[in-house]
Every structure is written in C-alpha cells, then in structure tokens.
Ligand code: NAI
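Only one chain is included here, represented as structure tokens and corresponding to the form predicted alone.
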C-alpha cells in the first residue's frame, strides 16, 4: 500500500496546516468541514497566511474542498484519513463511525489530537479497525515545526505505522517519533511542564514577566519568546484547557499537578478577554499613548500593566548552562530552579513513558525549538555537579544510576528516531576543531563541515577564518541551529563604528569578500545547505558556493538596504552577474542592473526555494529538500557526484553603462521620494547602490573585473556605515528587530 490520496476532516488551524503541507508535498488532498464554505474560507486563509503555509502558492488549487454531508464519498478513495475536528470525544466518535463505514480496506485513519488518549478515541472500534487507527500529532504551524508524534499501541498494525512514519518523513519532511499512548505524549508532556515550572517559579520568586522571559529564553537555549510570550502566542485559554486535560489524565501522584492548577491571575485574564495575541493581549499587550504604540507587560502581583522594559542579564551570547545556574543572583537561582525541575521531571518519565530518553530531547528540539533537550542539559551540567549542587534535591532512579556510575558522559547516539545520516549524528563521530570562536569545523569522510555557532549564526571575522581554513577540502556549510545565518554581525560592525575605526570595518569587509572569492574559486567543491534565515551575508556565502541544498523552510534575501547599507560581500556583484545571463540582458545592457536594483533596493525576501528561483537567489542546479534531516546526506551525495573532474567557474567580465543606467535608477528614486515611499536616507542608500550596479565611472566599451566590482561594493559600504542615519537604522534594528525609515 502507498499513500497517494489523503482526506483531512476539519479545516481549523491544524487541519488547514496539514492539508497545506500535503499540498507542498504534491499529494492530492481534500479538505472537508461541516459546510463547503467553511473549507473554502480555510483554503483562502491558507493562501494568505503569514508566515506562508504553502511553499508554492500557485498550487493552492491542488487542495480540493467539500463538506461532510455531500462529499463524504471521497473518503472511499483515501489511503489516509486525518481527523482534525474539535476536541470533543462524542463528535469524534460519531465521525469515526462514519469514516469506518465508508473507507476503503486497509486505509489508515488518524486523529491530530494533542490531549485525548488513543484508547479513548478508539474505544468504540473493533479490533480490526483499531489496527489501522492511530494519532498523528502535528505541531503548529505544521509547515515550520519539525515534530510529528505518531501514537500507537500493540493493537496497531506495525507495518502500517512504519509505512505512515516513512511517508511523513520522506514526503512531509517531518521528524517522526513513535510514542506510547500516555498523556501529552513526549513533546507536550515535557514542554508544557517546562512552561508551567517557568511560570510558577517566576511568580514564587517574584520575578517580573520580562525577567523570567529573559532567563527562560536564549540563555537556556530556548526561543526568545520566553514562557509568558509563548503563553500569549499559544493562547492563555487554550493552555488552560490543555492543563485541565493533563490534570484529568495524569495520576494525582504525578508532580505535574503541582504546577498545573489554575491561578486567579490566569482566570482573571481569560474572563477579561486577555487570552493572548488573538485577544486583547495577555501577559503582554500593545497600547496606544500619544498616537504611538507602546508594549506593556502585566505586573504578576498587582495585575496592572506597565511599559515593558528590556532586561540585560550581562551574559555572553553563547549558551553556558553551568555558568547561568551558578550565578549568585535571582537570575541564577531562577534558572537553576527551572532547569533542575525540568531535568528531574523528564528523567522520571524513563522508562514508563519512553525507554529512549534521547527521543524526549529530539521532541523538544523539533516541537519547541529548544537547542538542547533536558538530557543534553544534564550532560552539559555534569551529573556530579547536578546531584551535588543542592543536597535538598530529590533525585530519581534514573539520575541515581547515572550518579552511581561516576561518569558525566552517558548520552549515546543522537536522533535515533531516523535512519538518516544527520548532522547531529555526524557531529558525534567527526573530528572537531573548536579553536574558532564563531564556528566549528568538523572533518568527516572526504569533506569538511563548517557550522556557525554565534547568536542567529551572524558572521564576523572568525566566521570567515573558519570558511577559509576549511576550503582546503570539499566543504559543506550547514547548521543545526534554527537559522543558517541572519547575516553579518551588526553589533560587531557597530563596535568599530562607535570608535570611528573605519579602517577596521574596511579590513573586515575586504576579508569577507576575499573569503567568499576563495570559496567560489577553490579547487574543492563548496556546498551551502541553508535552513531558516539566510539573509545578507549568509545569503552572500550561498551565492558564492558551487551548489545550494536548501530546506523548503528558508527565508532568503539581501536585506542590507533596510539598515542603510548595501550587500558588500560579493552579493551585489553576484546577483548582477546572474541576471546578466538572462536573455533580456543580451538585448539590453541596462536590464540586469535595473532588475538587481529593484531586488536589492527593496530588500526583497522569499520564503521558499520555489519563490527564490524567479529572483535568481537560487538557480536550477540547486536543490530543494523538504526534510531538514536530509540536508547533509544530499549535500554529501552532491560532493560524491561532482568532485571528479571538478573545475572552478570562469571569472566574469562586466560591461556596464555607468551614467546611462544610473540616471534611470535615480529617476526611480526621485519618484519614490516624491511619493514618500522613501525618505532622504533611503535616497542616499539607493544612490550608492545605483553607483555600484552601474559600474561606477565606466562606459559600455570598458571591461570591469570581479575585483573591480568588489572594490565598488566595499567603497559604498564604508561610506554608508560612516553616516549617522545608517548607524541610527542599525541601532533601531538591533534594539527593536524592525527597520527604521529615515
């Protein structure tokens, strides 16, 4: 049996997300709801969704819609029927009865529930039907969250479960973990507990919302949303329902009960419509004062809202859990209290919930975007340190056994949920060079791996050194973190700008350029394998690699103009050369400069490889991969396929029209300024970009080398960084995460 046709019943957030991901995988899918209009509206929302649920919006009509009353016969053709209706058991039971009467023999049926046990869902089914029924718990948003938990029991047909697992891994790009039928399965059991501990400890220790989110965030390897921000994102009312389900299903002896009881604060917020981002606000809210939006945060004691303040923990960007929990201040004490409780709870679930503790870690990575799971945290802290830090700690059997062995190294193989050769697995085996502060170099088989390790994998002088050093062999540039690279480290550049050390900035940008040039013309293959943010300098690295193996969930673009700069690591030059290969450019020498002026000038970004191709951010030779775990193996296969007889590309020669095309660009800028779409500094940045793309002081009868174009980029960058308005843009972006128009 193969899965060639799927029906999703229920077109809410999760049902729509599942249907969209099936569409992304080119699997025929029908979305059913009570009325066809409901399904049709869901389809329209999928098309307009931000962030986009579809990799290629032109395929929206591959999602068929209908209603349960008139179109249910489509279930007869389905190989897999996914139920994603409201979490009410009586409604689900009636629906299953209808599905089981209609479905074709051997089809798979699953529920997307996150709270109702499998045994309760299948209570009224025959033993034969139970064999084909399981839970497929996707995480929201379905396209972007890597985790899929398949919940099965001994009653299931194991071959069917494995078939479904392989389909979802290969076609839908999911990290699939098979779970037992226990409350919350793996991800939510630990993830929701962690959120509750972080919240209750913050209240108990009298930390503010901002303080708790500052600690329970990047310093712990957890997304910067923090606990209260995540509560608002999920929905405070929805979290309340999830907790009620846990309290109902879990034994009263389970310590989850200690942190899951409803508080007066939560009750008051829900009653007053403060259900999070979907409501009037939650722990955070946006108010207007004097015509300006102000972010406010609730006081956990008085329940009054006050302007939010930024918390500076005065710590390095890199995660250092031992240093964090060893701080002798309220932040260190809070971090220890939260981390120790999470580790103890997660380890108490072994083996009753799962025998494979590393699957809990992977569930937290894939479903909650944690950098490390509880057991990796334990190994980083050290078992001895963990047990002996507090003699009041009540350790469980799992921790006691590790402690008695007197070893801190216990972890074993990573990512056992998949047979793929992943980066996580290879890093455990490969020889590693940790000398570089901003990147690790791994030696594996016949190639080297470079993995950036700064905040958001931003690039600095050390990042370039790592790339240069690794280019003596075939190389794959890939990261296990959420982002490939958010671009050049602007804090690094601004440190020089504050001192007016323009020569240092010039040296850094030139080093960046020469590193990218070395990547491009190395005698060895260079492959970039991006996922997540691939912006600015990160995109420039990709542009000057031989091949790009891109995850479908990339956000890619050259966005330097938004901070008052231009791409100067070869990005402007490389985009210009790509567009000069267009047939239109053969007829019109000004076609390519004008096209790139538009792309870079507006700081355009794309959210998938499909969207990247028309902009030439990616080329036809590059590859697109649904499953992030496959990025390394596909890159490795490319090396094996292309290494014999490999020759670096020929060096380009540019013929540009100088003033002729620059005048056209200036007219565009003047119109934009007149229409108030850009302001004075936008004009200034646009003019510098135009000067580079036009070839500077040149004419069509002159030839410009690649080095000439690098020099134009460098000059423009250094001139722009010295301008106060560019520095104002950079400071604003660094403090708010948003561009400043000035």
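Keep in mind the model is a prediction, meaning the values are calculated, not measured. Positions refer to the first chain, counted from 1.
The same protein also exists as the form predicted in complex with this ligand; that form is not shown, yet it is the one meant from here on.
Contact check for residue 225: no non-hydrogen atom falls within 4.5 Å of this ligand in the model of the complex. Using a 4.5 angstroms limit between non-hydrogen atoms, residue 679 is distant from this ligand in the model of the complex. Taking the partner from elsewhere, residue 354 is found to have every heavy atom lying beyond 4.5 Å of this ligand in the model of the complex. With a 4.5 Å cutoff on heavy atoms, residue 131 does not count as touching this ligand in the model of the complex; it lies far away.
Interface residue among 107, 471, 152, 113, judged by heavy atoms within 4.5 Å of this ligand in the model of the complex: 113. Of the residues given (733, 719, 727, 13), 13 alone sits with a heavy atom within 4.5 Å of this ligand in the model of the complex.
Here the chain stands alone, but in the model of the complex its contact with this ligand, taken as any heavy atom within 4.5 Å, falls in 34-42 among 696-704, 52-60, 682-690, 34-42. Scanning 79-108 for heavy atoms within 4.5 Å of this ligand in the model of the complex gives 84, 85, 86, 87, 91, 92, 95 in sequence order.
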